[in-house]
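Starting off, we have a lone chain in the form predicted alone, written out as structure tokens.
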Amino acid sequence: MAKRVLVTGGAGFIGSNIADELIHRGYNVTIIDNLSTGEKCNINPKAVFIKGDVKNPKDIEKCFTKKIDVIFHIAGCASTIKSFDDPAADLYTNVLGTINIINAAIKHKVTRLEYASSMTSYGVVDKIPVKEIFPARPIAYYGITKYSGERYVMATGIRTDLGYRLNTTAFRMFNVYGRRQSLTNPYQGVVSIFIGNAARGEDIKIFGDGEQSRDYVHISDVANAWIGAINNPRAYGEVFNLGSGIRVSVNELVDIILKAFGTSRKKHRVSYFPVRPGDQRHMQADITKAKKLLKWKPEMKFDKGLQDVINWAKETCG
């Protein structure tokens, strides 16, 4: 059984939560993170921490002083909007960084690689819920780089010239939410952005009419999928949607959050702005494949998960 896992981006929201769960289940974890958006306080004290950047192969090499059985490649630039401001940064981190991880995996004969892809790979879809077999037509630079990284990973998994098999899996994650998602970074998840606004009494900004909808999946369910796939041969060479299978509109989300803070749109200022480039109108995951092959399904109900984040935010913001 694989016991030592390298988590790239392990100081960030998704990476640190998954690293914690790995450690809870008895895995030895090494984390590499450049702390550009991740927080050192998120790093589990039982993990080995390497401050480094996936864009730098020398930094990655530092992670292999001990044998690595599995790589969870989560590090990346993770903002649709910022990708338009600096396309090169996305390209270097999300594509070149992924290639560097692949090269390190091959060099050290790592047999398992799981990759953090994105629902933005789909772009504007013809119908929902979206299935993994639907065309990938990303309209955001971020989505283009995440899909490119995904293809590099999956293409490596079918190479026959390596002398061994690198078993790969990609997870197209939808709107992941949970504790540790930044309450102050306006480029991260909309759940934490709105909760942070409400907690601090700030205006809430909605880009579009608010009727656009998203599929929100709790970080605990995401962690279960990633870890459950490690030793599952049915996951090898496959791409999976990770979502809840349920859509919630942005207006509904705002109403739920404001109600939890004892207010409403009538009392709390909510402003509407033009749609931003790269935005998808509606997204909802078809999770049939993950249920069938991974025996996975989301366990956290949205209202319960959201309330947990709100409780954490109230503690964090005082």
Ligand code: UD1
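This is a predicted model, so every value here is computed, not measured. Each residue number is its position in the shown sequence, starting from 1.
The same protein also has a form predicted in complex with the named molecule, omitted here; what follows describes it.
Asks: Indicate whether the named molecule has at least one heavy atom within 4.5 Å of a heavy atom of Asn100 in the predicted complex.
Replies: Asn100: no, not in contact with the named molecule in the predicted complex.
Asks: With the partner left out of view, is Val250 within 4.5 angstroms of the named molecule in the predicted complex by any non-hydrogen atom?
Replies: Yes, contact at 4.5 Å.
Asks: Is Phe72 close to the named molecule in the predicted complex, meaning a heavy atom pair under 4.5 Å apart or at it?
Replies: No, Phe72 is distant from the partner.
Asks: For Asn241, is any heavy atom within 4.5 Å of the named molecule in the predicted complex, or not?
Replies: Because no heavy atom of Asn241 falls inside 4.5 Å of the named molecule in the predicted complex, the answer is no.
Asks: Pick the stretch from 104-112, 151-159, 126-134, 173-181 whose residues have a heavy atom within 4.5 Å of the named molecule in the predicted complex.
Replies: Among the listed stretches, the partner-contacting one is 173-181.
Asks: Going by heavy atom distances of 4.5 angstroms or less, which of Val190, Val95, Ile139, Leu166 would be at the interface with the named molecule in the predicted complex?
Replies: Contact check passes for Val190.
Asks: Which residue, Arg269, Lys46, Arg276, Lys259, has a heavy atom that falls within 4.5 Å of the named molecule in the predicted complex?
Replies: It is Arg276 that has a heavy atom within 4.5 Å of the partner.
Asks: Is any part of 118-138 within 4.5 angstroms of the named molecule in the predicted complex by a non-hydrogen atom, and which residues would that be?
Replies: Counting only heavy atoms within 4.5 Å of the named molecule in the predicted complex, the contacting residues of 118-138 are Ser118, Met119, Thr120.
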